[in-house]
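What follows is a single chain, given as structure tokens, in the form predicted on its own.
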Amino acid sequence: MSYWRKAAVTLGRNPVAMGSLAFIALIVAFALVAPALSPYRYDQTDLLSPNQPPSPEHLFGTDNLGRDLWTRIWVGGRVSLLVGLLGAIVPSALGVVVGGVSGYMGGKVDMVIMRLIDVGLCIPQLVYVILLMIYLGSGPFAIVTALALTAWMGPARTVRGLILSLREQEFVLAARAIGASAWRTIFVHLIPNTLGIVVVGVTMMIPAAIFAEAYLSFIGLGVQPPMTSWGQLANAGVQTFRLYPLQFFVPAVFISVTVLAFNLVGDGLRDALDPRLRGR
């Protein structure tokens, strides 16, 4: 079997990873379908029915403006999952390119890039993100932009290390011998051989991006009303926590279990894509 088929078979034999993957698929399906099937809009207010408990009409109850929390949870899930996916894929893609160029070129190019990354990693990423959000404004795409401008350094360092170990292999020397350019060698021969580690890294970055969106929305820098997200719902729930704790616990539980599920899938992918761990 090919490398990727062996990885798929190993992943399929991991019940925890497959269960987590099924749970993520269920969350995505509900986020896509549930708002369309709901009789309520996510921003529809009903001032005569504020802070209602769960009922057949409102499965998660209503908030302080009478808005249906079931609908708002799934619309917020769309935003949080979109930010999580784009907030992981975009910086990872940028990091792969920068790390590939740095590792293959070496010399002064590598030294300059790595020193910039070393300086950038001295300050926690969340500090950069908050400063960029103050400048960029609020909204999902501002969050993705802020993450893309700050989260690429980790993947770049990882890919650079892999490229350094691969660039003197026989297949790379053969590509040079037949006249392949540096860019073709990087993008056709080297980077595809790092995709296993990159895929695992992206899977691990998705929950970090979801949590970053939740944190930024919680402190008021992320998604703003009437648009909603899980973090924004948790922020609204804190304000009524003493009287109506369910309004906080529902989005908090969705954030927690979704982040946990992505982490478990990432662990399963790591075990499946690392040949040294397949036999365990």
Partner chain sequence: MLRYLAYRALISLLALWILATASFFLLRALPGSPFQTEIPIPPEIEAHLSHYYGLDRPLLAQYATYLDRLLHGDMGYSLKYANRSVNGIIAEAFPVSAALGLTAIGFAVPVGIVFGVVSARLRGQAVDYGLVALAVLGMSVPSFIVGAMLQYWFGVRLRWLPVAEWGSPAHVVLPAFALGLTMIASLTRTMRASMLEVVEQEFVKTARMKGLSEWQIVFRHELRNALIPIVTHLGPLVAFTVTGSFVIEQLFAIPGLGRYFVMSVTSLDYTTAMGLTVFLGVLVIAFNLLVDLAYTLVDPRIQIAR
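Residue numbers count along the first chain shown, from 1. Predicted model, so just to flag it, every value in this text is computed and none were measured.
Keep in mind that the form predicted in complex with its partner chain is not shown, yet the notes after this line are about it.
- Across the options 99-107, 162-170, 74-82, 125-133, residues that bring heavy atoms within 4.5 Å of its partner chain in the predicted bound form belong to 125-133.
- Annotated contacts: Tyr40, Tyr42 and Leu69 are all free of its partner chain in the predicted bound form [non-hydrogen atom within 4.5 angstroms].
- Within this chain, Val223 is remote from the site of its partner chain in the predicted bound form, having no heavy atom within 4.5 Å.
- For Arg115, a non-hydrogen atom is located within 4.5 Å of its partner chain in the predicted bound form, even though that partner is not displayed.
- Residue contact with its partner chain in the predicted bound form: Leu260 places a heavy atom within 4.5 Å of it.
- Residue contact check for Ala31: none of its heavy atoms lie within 4.5 Å of its partner chain in the predicted bound form.
- Contacts with its partner chain in the predicted bound form, taken as any heavy atom within 4.5 Å, map within 217-251 to Phe218, Ile219, Leu221, Ala234, Val238, Phe241, Arg242, Pro245, Phe248, Phe249.
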